[in-house]
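One chain comes next, on its own, written out as structure tokens in the form predicted alone.
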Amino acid sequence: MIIQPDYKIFSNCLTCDDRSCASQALSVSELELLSKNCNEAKFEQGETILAEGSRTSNIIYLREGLVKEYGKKRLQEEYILQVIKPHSYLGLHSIFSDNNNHYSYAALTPVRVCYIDLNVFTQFIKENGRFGYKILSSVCNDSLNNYHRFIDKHQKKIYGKLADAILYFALVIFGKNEFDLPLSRKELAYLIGMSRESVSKQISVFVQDKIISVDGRNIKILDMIRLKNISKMG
């Protein structure tokens, strides 16, 4: 069962400025069909957008905000796979497997999403080659990026893992050297697979070494070259 907030607003896919690269391959008639089978909703920070274990009846398109993709280990400890930026689809892996959601998605900031009927979405994949190619490319890129990040996470020490995480937010998520971290220290620990205490200590070391500066959740990279070298040597 998909968890949705009460607040919904009308969405017209023909005039939307936030369309994905894949939806730009749709014809006018396909966009009209998409509009008839698409509902827009808003979520506040911390709200669950999609729950692990639920059946997939919709594909969710992230229009605005940041979302974390995460799961639970046997002892109910959380692990975070990735942070998802706007203009991305949530739960794509499920439609190519068993239609069960294998991960949960929660808002890290206020977000806007579109719920797209699964049958209509799969129809586009089957009938529109360009659309299907864009979707397949997105799934493959996500899988490869997550694979390489998790290989690095298991091979590197705490300083290399933290450097990777800071670079991930600076270069991939925000595209700038100064940003407000959307994760708490505990969530950052879940992302890199270390304890919260270890993460806090290593952040302090980076601050003392003048590699970064930290003010609350605001992080500013002061020495990008050293940070990249730490990531590389790990």
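Keep in mind it's a predicted model, so treat the numbers as computed, not measured. Residue indices: 1-based, along the sequence shown.
One more form of this protein exists, namely the form predicted in complex with the DNA; it is left out here, but the text below deals with it.
Novice: What stretch, of 170 to 178, 32 to 40, 194 to 202, 64 to 72, brings heavy atoms to within 4.5 Å of the DNA in the predicted bound form?
Specialist: Single hit among the candidates: 194 to 202.
Novice: Pick from Ile125, Leu81, Leu118, Ile158: which residue has any heavy atom within 4.5 angstroms of the DNA in the predicted bound form?
Specialist: By the 4.5 Å heavy-atom cutoff, the listed residue in contact is Ile158.
Novice: Report whether the minimum heavy atom distance between Lys210 and the DNA in the predicted bound form is within 4.5 Å.
Specialist: Heavy-atom contact with the DNA at 4.5 Å: absent for Lys210.
Novice: Tell me, yes or no, whether Ser27 is in contact with the DNA in the predicted bound form, where a contact means a heavy atom of each within 4.5 Å.
Specialist: Flag for Ser27 set to no.
Novice: Report whether the minimum heavy atom distance between Ser57 and the DNA in the predicted bound form is within 4.5 Å.
Specialist: No - in the predicted bound form, heavy atoms of Ser57 and the DNA never come within 4.5 Å of each other.
Novice: From first to last in sequence, which residues of 168 to 194 have any non-hydrogen atom within 4.5 angstroms of the DNA in the predicted bound form?
Specialist: Those in contact are Ser184, Arg185, Lys186, Gly193, Met194.
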